[in-house]
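To begin, one chain is listed below as structure tokens, in the form predicted alone.
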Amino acid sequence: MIVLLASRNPGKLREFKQLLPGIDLIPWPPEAPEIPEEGAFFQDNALQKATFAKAWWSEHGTLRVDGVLADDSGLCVDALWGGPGVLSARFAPDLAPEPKNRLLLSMLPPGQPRGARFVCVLAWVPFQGGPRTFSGAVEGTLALEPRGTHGFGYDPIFIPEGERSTFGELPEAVKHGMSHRGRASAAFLAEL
């Protein structure tokens, strides 16, 4: 199966290649336009990205693909009223990952609970058939400071429930077994 991944994010591409064995993933090409994500919810954004990518690929794609897979995911922090949430990728866009993570941690009110969750919604838009969505979430807390070099994005500050290590410290195989993206990918694979 050949699938167009509606993302240029190298971290997502690497993770999806591990999470979706047997599927040949084609990343969103550099010459293609930016994919819009203007929805208020993860599902809205994932569907918008997949639908846009399918329409563009239908006119400009150079390879035959079976469908388009798009991911919208983010970190939802209880003390920040669920933020950055769907705006996770656009939070402090000019900062590198570590300063961005430190900025987010500095925004937490002192003494407040540090509960958070990672959420992922995958949208699958095949060239034959209608769109479907698959979701996954993982509960946890935020670390006091970034720890670890594995993963990408907010992984070094998120401690999944039942663990002491951040996603940035856990081996990839362990992380994938409990992560939001791993759970959404498992649901997608079960549907296939």
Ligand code: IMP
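Here the structure is a predicted model, which means the values were calculated and not measured. Don't overthink the numbering: it's just position in the shown sequence, from 1.
This next part talks about the form predicted in complex with the named molecule, which is not shown.
Considering only heavy atoms, tell me if E15 and the named molecule come within 4.5 Å of each other in the predicted bound form.
Judged by the heavy-atom cut-off of 4.5 Å, E15 is in contact with the named molecule in the predicted bound form.
Any chance G153 has a heavy atom within 4.5 Å of the named molecule in the predicted bound form?
Looking in the predicted bound form, residue contacts with the named molecule include G153, since a heavy atom lies within 4.5 Å.
Proximity of A89 to the named molecule in the predicted bound form, heavy atoms at 4.5 Å:
Yes, A89 is a contact residue.
Heavy atom to heavy atom, is K49 within 4.5 Å of the named molecule in the predicted bound form?
Residue-level check for K49: yes, a contact with the named molecule.
Heavy atoms within 4.5 Å of the named molecule in the predicted bound form: which stretch in 53 to 61, 154 to 162, 22 to 30, 140 to 148 meets that?
It is 154 to 162 that comes within 4.5 Å of the partner.
D44, F134 and S185: each with a heavy atom within 4.5 Å of the named molecule in the predicted bound form?
So, no: the whole triplet misses the named molecule.
Quick one: name the residues from 116 to 137 with any non-hydrogen atom within 4.5 angstroms of the named molecule in the predicted bound form.
Stretch hits: a single one, F118.
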